[in-house]
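Shown below, as structure tokens, is a lone chain in the form predicted alone; questions about how it binds or moves come after it.
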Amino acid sequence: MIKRRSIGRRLTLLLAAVAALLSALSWTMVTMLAREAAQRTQDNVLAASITTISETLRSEQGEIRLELPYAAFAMLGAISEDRVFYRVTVNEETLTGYSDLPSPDAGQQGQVMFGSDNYRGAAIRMAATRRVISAGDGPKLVTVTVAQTRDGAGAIAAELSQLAAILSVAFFAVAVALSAVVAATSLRPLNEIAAAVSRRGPSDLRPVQRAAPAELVPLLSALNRLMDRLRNSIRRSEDFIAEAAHRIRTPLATVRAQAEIALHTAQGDNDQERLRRIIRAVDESSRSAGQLLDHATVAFRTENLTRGRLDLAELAANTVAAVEPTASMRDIRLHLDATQAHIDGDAILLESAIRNVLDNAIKYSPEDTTVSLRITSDPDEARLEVCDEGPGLGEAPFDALTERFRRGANTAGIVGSGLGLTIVAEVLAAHGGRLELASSTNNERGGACVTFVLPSA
């Protein structure tokens, strides 16, 4: 068994994988940007703080004086509750602050330098600047360093990263749902084409004429080419059967005529019995050939029905008149009870179907019996019921009798091919109707009832 793979599922999974990748990338980028933004904010505050401290440096009596401004540390406490460290050195000697506080690499005078380090068991971010102040015996190099722990900036970055993760998960969930919708929508034309083909009957091999996306046009073209080849193959087969049946009927009629002549002149009982068997075999072959020809005609015309407004009662009356001589030879009466019943159909196919049913009724009915035809109609349906007084249809179910070459169990000894009801069922199906089979309850002898059900015109 070939393992089935769902295109819709594969497309959904593929789109979901793309959405997951995009979600991961977006979360990574937002996290990186959040960390960079938090660090940049901290750097800006540190730079403002050391600038404020640097501006308060002054020279008095040859000494460097500093009054730490409150605003410098207030700025650092505004963004978080991290610990703050500072150090001011004059010519590398600590003037005030934490003497062991490290300092970023020296830069040019007035330039703010940043760096990261660990101090007293905590990660810190540092900013430093240098300034030359003239005091006493000459200019002195003053370095101002301010550091702050990174817990606050890390918390801000983590909060933004968590929010980005939540948004990424929500984006992924929405993307998966939309992927399923997109996959179903994209495959809808393919499903519509499949549904249109599956709704057709077994003999409907017309090209599929439907609007389709450009990607499905090659598939649709290949399907139509396949159906065209199949239709041509079936048509050639039906033509061959029809031609063979036509060519067989004439020689069979000649053989039958010669056998009947020989039967009349035969003297011995054995010879006569052999000739009767020959005549019986010829009759069976001739009937089979005739019904094969009818079946080929039905198969050909059902693809291109020649429809017209017809009166079912008139069709039945014409067919009854055609088979009347055959029925009279066996003293079988054909009784037609009909009212007008207008239908839309192919006259040749419907006459063929009615004739097949009447042939069966005459063939299976005992002599001196009646075959009844009754036609009724309503606004929706027209019905033609044919009932005989023969052996009936055998045991139910009766639907199997419409299969090719299928005959009932109670038809032994009667010439037949098993194609009559097959032809009738195919003709009615081509007209949108149906065939109903039942046992007759109109007389004591029993019999069969075959009913045509066709849409009213």
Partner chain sequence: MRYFCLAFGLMLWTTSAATALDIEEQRLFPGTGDRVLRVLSTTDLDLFAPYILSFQEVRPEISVDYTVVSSSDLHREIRDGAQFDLAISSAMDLQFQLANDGFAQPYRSDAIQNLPDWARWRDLIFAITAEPAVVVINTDRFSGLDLPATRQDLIALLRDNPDHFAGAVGTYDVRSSGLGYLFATQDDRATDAYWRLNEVMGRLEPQLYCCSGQMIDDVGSGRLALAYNVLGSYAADRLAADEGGRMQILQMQDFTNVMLRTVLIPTPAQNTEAAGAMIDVLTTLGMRDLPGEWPLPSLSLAGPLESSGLGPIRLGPALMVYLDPLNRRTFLTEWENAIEQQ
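Numbering follows the first chain given and starts at 1. The shown structure was predicted, so the numbers you read here are calculated from the model rather than taken from an experiment.
Only in words, not in the display: the form predicted together with its partner chain, which the text now covers.
- Contact annotation: residue 81 falls within 4.5 Å of its partner chain in the model of the complex, judged by heavy atom distances.
- Remark: residue 66 counts among the residues lining its partner chain in the model of the complex, judged by a heavy atom distance of 4.5 Å or less.
- Residue contact check for residue 99: one or more of its heavy atoms lie within 4.5 Å of its partner chain in the model of the complex.
- Using a 4.5 angstroms limit between non-hydrogen atoms, residue 73 touches its partner chain in the model of the complex.
- Put simply, of 277, 247, 120, 236 only one has a heavy atom within 4.5 Å of its partner chain in the model of the complex, and it is 120.
- Of the listed positions (260, 324, 337, 151), a single one reaches within 4.5 angstroms of its partner chain by any non-hydrogen atom in the model of the complex, namely 151.
- Stretch 57-65 is the answer when you ask which of 43-51, 421-429, 24-32, 57-65 has residues with heavy atoms within 4.5 Å of its partner chain in the model of the complex.
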